[in-house]
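Quick heads-up: it's one chain on its own, the form predicted alone, in structure tokens.
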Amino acid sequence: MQSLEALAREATDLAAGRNLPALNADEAEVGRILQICNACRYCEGFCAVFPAMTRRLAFDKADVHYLANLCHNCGACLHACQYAPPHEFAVNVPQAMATVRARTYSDFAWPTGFGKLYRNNGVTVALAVAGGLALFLVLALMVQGTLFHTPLAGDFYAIFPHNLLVSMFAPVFLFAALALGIGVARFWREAAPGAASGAAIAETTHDVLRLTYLDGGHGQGCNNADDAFTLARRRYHHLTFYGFMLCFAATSVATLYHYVFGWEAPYAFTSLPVVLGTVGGIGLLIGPAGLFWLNLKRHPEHGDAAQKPMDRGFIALLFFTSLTGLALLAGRDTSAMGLLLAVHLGVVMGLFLTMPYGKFAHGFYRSAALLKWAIEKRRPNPVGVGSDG
């Protein structure tokens, strides 16, 4: 079997002949594995990766990036593969894809240096940013003498005025949206999928919202610690995703209340923003806690070990965003509201500042890859063999 270095040199020569970017060793490993899978095709019905693979005879950098982000890392193909380690072919699709996928977040990121920093030190960067911002806000309240105060009936604006909060969070949110948008746009341009039809967009939306490809291709779920199937990963992802969306909806409704109807916070516990935020916050506690537990138990050959700090950093920020938010809601009528508010705001700002460079970005890159698949499967197969699922 050829070494990764030899495969990388061959891929470089091929790319040079076609005027394409050269593959690095990790990308060449994905290409090697996919060539074997293309000859076997046992896993063709598992997920979108394998039918998309069969539409190609060779795999350049753009193909590898696209297929790596199309992979949901469910692990089913690894346990079904007759060529998986310890076989000499050493076919491990989930691990090879995970290695390349993590690099795409930093390689396409803007600014690029931030992506590389987060990839190598995910937990440290996430907790340092969130903790540093929270500490800054706590110290600011200490200087003003408002860290502890007489109960204010949940009036956050008595601690941090509304316009101050807007001036703090608007730049952070806009930066996160801009950085994430630039990264996904770079990935999309490389993928060059062409125009999307309404049917393709509808299919992608369905697959994203249902997490279709976390069912293992048979509805029984993914593999995690061993070859047993479980739907736990899909369910915890749903709790995390919809918990986050409900929290975002709560903020959006509160914004409408403030600017459109002139209804200022604090809102009653039975109001729509508080109900949405509470339900979303509970989901955002259970989901990340479950994903962290699964991450600890995950089979070592299912993913890239170097990616764990990035994964756990993101999970920690989501969990503590929810925990501090629910603690703030519970203690908003106490003298500790200022302290709870400062800590929560610091964690939320840390989440948004690191959002474009870590695991949060995978939802957008994977959605883009799913849309490309929905577009290309509706076109004639250039190879003429295989199934489009």
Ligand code: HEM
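A quick note: this is a predicted structure, and the numbers were derived from the prediction, not measured. One-based numbering along the sequence shown.
Separately, the form predicted together with this ligand exists; it is not shown, and the next lines address it.
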Original post:
Would this ligand in the predicted bound form be within 4.5 angstroms of a non-hydrogen atom of every residue among V274, G277 and I315?
Top reply: yes
Original post:
Which one of A58, L329, A62, A336 is close to this ligand in the predicted bound form, taking close to mean a heavy atom within 4.5 Å?
Top reply: L329
Subject >> Listed residue (L341, L353, A52, V30) with a non-hydrogen atom within 4.5 angstroms of this ligand in the predicted bound form >> reply: L341
Original post:
With the cut-off set at 4.5 Å between non-hydrogen atoms, does A96 touch this ligand in the predicted bound form?
Top reply: no
Original post:
Is A130 close enough to touch this ligand in the predicted bound form, meaning at least one heavy atom pair within 4.5 Å?
Top reply: no
**OP:** Report whether the minimum heavy atom distance between D311 and this ligand in the predicted bound form is within 4.5 Å.
**Re:** yes
Original post:
L291 near this ligand in the predicted bound form, any heavy atom under 4.5 Å?
Top reply: yes
**OP:** Can you check 112-120, 292-300, 190-198, 142-150 and let me know which stretch has heavy atoms within 4.5 Å of this ligand in the predicted bound form?
**Re:** 292-300
Original post:
Does anything in 198-234 come within 4.5 Å of this ligand in the predicted bound form by heavy atoms, and if so which residues, in order?
Top reply: V208, L211, L214, R233
